[in-house]
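First, one chain by itself in structure tokens, the form predicted alone.
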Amino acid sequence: MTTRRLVLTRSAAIVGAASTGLLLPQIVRAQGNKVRVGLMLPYTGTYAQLGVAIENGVRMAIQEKGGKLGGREIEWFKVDDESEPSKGVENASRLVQRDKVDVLIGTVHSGVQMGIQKVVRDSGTLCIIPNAGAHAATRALCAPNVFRTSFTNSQPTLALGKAMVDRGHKKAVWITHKYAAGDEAFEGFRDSYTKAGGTVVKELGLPFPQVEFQALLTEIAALKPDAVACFFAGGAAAKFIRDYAAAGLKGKIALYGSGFLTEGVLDAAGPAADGIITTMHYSDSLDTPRNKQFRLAYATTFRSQPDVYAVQGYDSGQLLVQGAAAVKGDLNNKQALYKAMESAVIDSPRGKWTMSKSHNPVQDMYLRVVENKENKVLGIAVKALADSGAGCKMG
């Protein structure tokens, strides 16, 4: 709330000054000289930690290049989106219409992103998505001014199928929460697994955010598949991992998942997570000079360890820096700005990646296994994996 109040106060001060008519020319000139960057992220609730990590990453990438965008100073505007889809349009409108931001960076929750998508498509405001994986953002509702630096919900699981079949697991049960992200993750798994010769013997689901897994785990035990593949994240992922082991399935039926299954939950999951194999576009343990340099710089700056969300925020900052530099800070030169962002090569801690035609990362997906509370990289599951961008018509 503080940040929102701060921005409100600042706006009120400008209105006050304008009404006197004395400071107006000075203020208009000062505002015109600064790039207005809006951050619409969760700063309270379940995803608050993710919002902070993304903002840290964005600011760090810009700071590394001198703290300016195309030579211009930055004015920051922040809104806590509370991961509340019903407030998505209202919050995005506040940044676009009231604060008149040049670029809106947001968000984490796919439901909130749909609200942002509507506002930025209608207004033509540049938008960079640092997390939300909703397919529509870079498929049916794609737009020239919308760029994503993270993933689509089906991208990590699109790399999972072949890896499972290669390990001899040809019959699998799929389990997830029944909501958009789970359904979209299943699309990637189903397509890659069946293409590699695997059979999905059963699709199981439970309403979001329920975590009563017992009946479904009993059903899995009775089905006796070669493996289980899943999409869970956060607290639900930690509980599913623990319950899977408690049900006696660990060591009997191999467990695989989208990388979010083991992101940020390994302390909570404990030894039950050992041996789980996932596919993801990043791993903390990626043994490259670029990743090590990033992790050291982040830890030194923020006194905490970066995760995949920090990397996505950092790459959002890098993309914006490259775009702004190409147009020498003139973000109104939209055609040249978008062209520069479309052709950018991002030197990321996750490995270099490029932008697809529908404005989604074309990136390597890593095969990882959990060992002693760490996601260890086994290798690259799929190189330069692109989302289909199905239904995207730019224009």
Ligand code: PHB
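For the two forms, the rigid core is made up of the largest set of C-alpha atoms that agree within 1.5 Å on superposition. The numbering used is simple: start at 1 and walk along the sequence shown. Since we're looking at a predicted model, the values are computed, not measured.
Below: the form predicted in complex with this ligand, not depicted.
Participant: Contact between residue 149 and this ligand in the model of the complex at 4.5 Å, heavy atoms?
Facilitator: Taking the distances in the model of the complex, the answer for residue 149 is no, it never comes within 4.5 Å of this ligand.
Participant: I'd like to know whether residue 76 contacts this ligand in the model of the complex, with contact meaning heavy atoms within 4.5 angstroms.
Facilitator: Flag for residue 76 set to no.
Participant: Considering non-hydrogen atoms and a 4.5 Å limit, does this ligand approach residue 260 in the model of the complex?
Facilitator: Yes, residue 260 lies within 4.5 Å of this ligand in the model of the complex.
Participant: Mark residue 50 yes when one of its heavy atoms lies within 4.5 Å of a heavy atom of this ligand in the model of the complex, and no otherwise.
Facilitator: Contact check for residue 50: yes, within 4.5 Å of this ligand in the model of the complex.
Participant: Would you point out which of 220 to 228, 103 to 111, 86 to 94, 269 to 277 contains residues with a non-hydrogen atom within 4.5 Å of this ligand in the model of the complex?
Facilitator: It is 103 to 111 that comes within 4.5 Å of the partner.
Participant: Just one of 173, 254, 126, 233 has a heavy atom within 4.5 Å of this ligand in the model of the complex. Which one?
Facilitator: Only one option qualifies, and that one is 233.
Participant: Using a 4.5 Å heavy atom cut-off, which residue among 193, 240, 282, 309 comes into contact with this ligand in the model of the complex?
Facilitator: Partner contact (heavy atom, 4.5 Å) among the options: 309.
Participant: Within 4.5 Å of this ligand in the model of the complex, which residues of 111 to 132 have a heavy atom? Give them in sequence order, or say none.
Facilitator: Those in contact are 131, 132.
Participant: Using the rigid core as the reference frame, would you say residue 107 shifts its C-alpha by 2 Å or more between the shown form and the other one?
Facilitator: After core superposition, the C-alpha of residue 107 moves less than 2 Å between the shown form and the other one.
Participant: Does residue 146 shift between the shown form and the other one by 2 angstroms or more at the C-alpha, the core having been superposed?
Facilitator: False for residue 146: its C-alpha shift is below 2 Å.
Participant: With the core lined up, does the C-alpha of residue 208 move 2 Å or more between the shown form and the other one?
Facilitator: The answer is yes, as the C-alpha of residue 208 shifts between the shown form and the other one by 2 Å or more after core alignment.
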